[in-house]
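So this first bit is one chain, no partners, the form predicted alone, shown in structure tokens.
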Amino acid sequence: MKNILVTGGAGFIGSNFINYILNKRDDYFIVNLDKLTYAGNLENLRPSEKKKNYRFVKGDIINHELVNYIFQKYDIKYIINFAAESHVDRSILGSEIFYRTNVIGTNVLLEVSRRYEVERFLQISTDEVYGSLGLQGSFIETTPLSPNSPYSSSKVAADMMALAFYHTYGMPVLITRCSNNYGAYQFPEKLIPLMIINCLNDKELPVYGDGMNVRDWIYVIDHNKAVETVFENGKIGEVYNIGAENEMPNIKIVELILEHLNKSKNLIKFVKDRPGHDRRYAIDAAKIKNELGWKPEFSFENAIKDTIDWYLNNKNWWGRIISGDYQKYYEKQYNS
């Protein structure tokens, strides 16, 4: 049995990972540590909450005493750190929480992990650490880091700290950097769920700038499988890019959603561009494919339709969210 601390497991990617991995494996014992901030939702974990090899602990990764207690009580030997403040717009409005969680929190996890001599520490990062691309080329693992937002700079700091612990202390650290995820349970501030939900409510669809900012999209389950692959078979001290080669301008994503829901393009509203908005991301995932044998299994065309239908069929899930904190944020961001 592998006793694994998964941090941020009530968020979008973390909850999908826990549900996926516990449905597949009975040799993992998962302790999920999550602060339950605005984007954390225990409803995401209904498929796993009653499993014998799952425990939930509410708390903050910057709480050194709590993290130490969890390691002692559950004999933690592995850690997968999904916990992060992740929305670029929120980091522009206020950056302090991003550095507290993403940098100080990662430091706490690394220090406690070092003390208890963990066997693997997997740091979940993002392609945003690389900055922005021109019209050609893709990010590889050795692309210089060039963050352009408070969020991405905090993730760079966390990555560099994790690698420093590997080089200084010999800690068994691995890092994954993934392209933009989509799928079920994504908080409705991110592009795809925001556009789907606004569409369903016949609200305007705010699109930054000219809508031609390009992102490289991957279905969250493909990401989960890549994380499992790196966790099990990745080489210590290495970075692995994860992507599915689905580059698409934001406006094209919006148009696909409108088409699938049979809504008018008149709902689109171009708004002032975000400060420091990276123009294009594209991931070269050759390393994880060639060295570890992973490859994406879901086509974008099918998975995006399944994602849209999930939000269509789960109005109770997102309805409770947009009636509270998110709605206030949305009104401040776009309607002020």
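Predicted, not measured: the structure shown is a model, and the values here were computed from it. Note that residue numbering follows the sequence shown and begins at 1.
Although not depicted, the form predicted in complex with nicotinamide-adenine-dinucleotide is the subject of the following passage.
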{"item": "Residue among 82, 219, 121, 240 with a heavy atom within 4.5 Å of nicotinamide-adenine-dinucleotide in the predicted complex", "value": "82"}
{"item": "Answer option from 180, 153, 246, 229, heavy atom within 4.5 Å of nicotinamide-adenine-dinucleotide in the predicted complex", "value": "180"}
{"item": "Which of 112-120, 260-268, 156-164, 84-92 lines the interface with nicotinamide-adenine-dinucleotide in the predicted complex (heavy atom within 4.5 Å)", "value": "84-92"}
{"item": "nicotinamide-adenine-dinucleotide contact in the predicted complex: residue 37, any heavy atom under 4.5 Å", "value": "yes"}
{"item": "Interface membership of residue 10, nicotinamide-adenine-dinucleotide in the predicted complex, 4.5 Å heavy atom rule", "value": "yes"}
{"item": "Exercise: residue 101 in contact with nicotinamide-adenine-dinucleotide in the predicted complex, heavy atom 4.5 Å", "value": "yes"}
{"item": "In the predicted complex, residue 276 touching nicotinamide-adenine-dinucleotide (heavy atom, 4.5 Å)", "value": "no"}
{"item": "Heavy atom contacts to nicotinamide-adenine-dinucleotide in the predicted complex at 4.5 Å, residues of 189-208 in sequence order", "value": "190"}
